[in-house]
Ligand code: AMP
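Take a look at this one chain, the form predicted on its own, written out in structure tokens.
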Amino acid sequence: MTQPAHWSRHLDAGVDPDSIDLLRRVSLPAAWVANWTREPHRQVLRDVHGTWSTGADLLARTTEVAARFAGAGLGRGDRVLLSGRPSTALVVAHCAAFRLGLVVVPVNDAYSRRELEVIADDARPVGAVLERAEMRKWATAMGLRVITGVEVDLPAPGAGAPSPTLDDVSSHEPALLPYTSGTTGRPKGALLSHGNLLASAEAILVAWRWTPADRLILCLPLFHMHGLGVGVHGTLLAGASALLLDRFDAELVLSEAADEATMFFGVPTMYSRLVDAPGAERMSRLRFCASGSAPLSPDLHDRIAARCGQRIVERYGMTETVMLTSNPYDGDRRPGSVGIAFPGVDLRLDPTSSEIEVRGPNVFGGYLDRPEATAESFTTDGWFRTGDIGAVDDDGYVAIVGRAKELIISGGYNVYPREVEDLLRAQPGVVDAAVVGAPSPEWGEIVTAFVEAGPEVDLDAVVAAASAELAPYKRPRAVHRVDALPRNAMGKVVRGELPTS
């Protein structure tokens, strides 16, 4: 079996892999404060209203907010829900919590009361920073002791109140408690340490050549690892700057791309809209574009290259590990591949199932209060089981074939949905497609396709064209037309919501 490429291939020529110390700066908050202190006048964040915050602004505001948290009785290790649309105020609250040693529990700002209660019941937070007034009412009913909006309008400590200790967390202390999507059961809290977050952000800076000169267009939600763990953490660690947008707007993104921005991170749905928008060629002015959170089809990759002059860097990460792999900055960026392991990450395929297994300083220690789930997620020799099935090409590039738990077994044969979906998506008129297994007394499961396409598209012809390139057991035996596939907040299709009976 071809082995994955070693992460040293991400380094500049002449850089010794042994010189890379991903934990040298100990923690993100310590590194951020050092950057803000060293260059206090550098512009760092621009909010949705066009107002810039400098390093000095962020240092002062996060110090004040941390003091307000402490004055309200929050202390090291306490968990705090954090929810809101992308804004400087939300970033300030997040950074202040880290500086004080609180554990941030990022929450989707579109959650219903039931969804918020599920997270709160498991995480047992002491406080909450919530933009939506409705959410603050729910948090009050749940009995949380400290509740505030994203501006953190808690009382300022009185004169003579002791200043809280800031920025002294160790790399081993807990920092972030994001929750898995729960598509296979009750959501689980993945407890990430300061070292996990720092190691991943440092690796990204090295691999993507992220420098203080960069300016990121950031319109991803900040409750998700893509926007928060990569976009915000990376920007602040690099000493760079970011333009915060509270929603994705193709025209606005292209306008920023034509100005002083240098980077854009998005999901495939965003790139699909950008490449078809007027002025899409302005994307060529960006030095770097990355895609993640869902597969970027080879067809879309090639369309962007042809129209915009951008070879998108597709990467791969998880809630439990932050970032794992990326196509290289220097070298071949291959459509359909998530590239090679990031600096510091070891990656292997299970010899029997081809499940991707990883280890490294970015990998979390376990799920909150779920010892059995944690034990099941690690091999006996300490590698994390990602649940993703992978394949490796002759040059060591990794591709995601499918999810182990989404595997369809039809007539005793294994069918990975991704392979069938890619062929369906490639057919004319097909917007998107999802494949699941439906129960069958004869076959165990039959391959069932849900195709997002207009009424003018002949689904029988679509399936026939795709099936011509598939072994008989992989061919869809049932096909359904849908107006829209169910998706989560990051645009990823939620197969569990598709009917199988």
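By rigid core we mean the largest C-alpha set that fits within 1.5 Å across both forms. Given the structure is predicted, the values throughout are model-derived calculations rather than measurements. When you see a residue number, it is the position in the sequence shown, counting from 1.
The same protein also has a form predicted together with the ligand, omitted here; what follows describes it.
Q: Contact check in the predicted complex: Leu300, Glu452 and Leu459 versus the ligand, with a cutoff of 4.5 Å between any heavy atoms. Do all three pass?
A: Not a single listed residue reaches the ligand in the predicted complex, so no.
Q: Mark Thr386 yes when one of its heavy atoms lies within 4.5 Å of a heavy atom of the ligand in the predicted complex, and no otherwise.
A: Yes, Thr386 sits close enough to the ligand in the predicted complex that at least one of its heavy atoms falls within 4.5 Å.
Q: Against the ligand in the predicted complex, would Ile400 count as a contact residue? Criterion: heavy atoms within 4.5 Å.
A: Yes, Ile400 lies within 4.5 Å of the ligand in the predicted complex.
Q: Within a 4.5 Å heavy atom cut-off, is Gly292 in contact with the ligand in the predicted complex?
A: Because a heavy atom of Gly292 falls inside 4.5 Å of the ligand in the predicted complex, the answer is yes.
Q: Heavy atom to heavy atom, is Leu130 within 4.5 Å of the ligand in the predicted complex?
A: Contact check for Leu130: no, nothing within 4.5 Å of the ligand in the predicted complex.
Q: If the cut-off is 4.5 angstroms on heavy atoms, which of these, Leu368, Met318, Met135, Leu237, is the one near the ligand in the predicted complex?
A: Contact with the ligand in the predicted complex is made by Met318 alone.
Q: Using heavy atoms only and a 4.5 Å cut-off, determine which of Ser353, Thr180, Ser284, Ser112 is in contact with the ligand in the predicted complex.
A: Selected residue: Thr180.
Q: Report the stretch among 204-212, 375-383, 72-80, 307-315 that approaches the ligand in the predicted complex to within 4.5 Å, counting heavy atoms only.
A: Looking at the partner contacts, the answer comes out as 307-315.
Q: Going by heavy atoms, what in 391-410 lies within 4.5 angstroms of the ligand in the predicted complex?
A: Heavy-atom contacts to the ligand in the predicted complex: Ile400, Arg403, Lys405, Leu407, Ile409.
Q: With a threshold of 2 Å on the C-alpha, tell me if Arg76 counts as moved between the shown form and the other one once the core is superposed.
A: No, the C-alpha position differs by under 2 Å between the shown form and the other one.
Q: Would you say whether Arg132 is displaced between the shown form and the other one, judging by a C-alpha shift of 2 Å or more on the superposed rigid core?
A: No, because once the rigid core is superposed, the C-alpha of Arg132 moves less than 2 Å between the shown form and the other one.
Q: Given a CA distance change of at least 3 Å, are Thr352 and Tyr473 closer or farther in the predicted complex?
A: Pair moves farther apart in the predicted complex.
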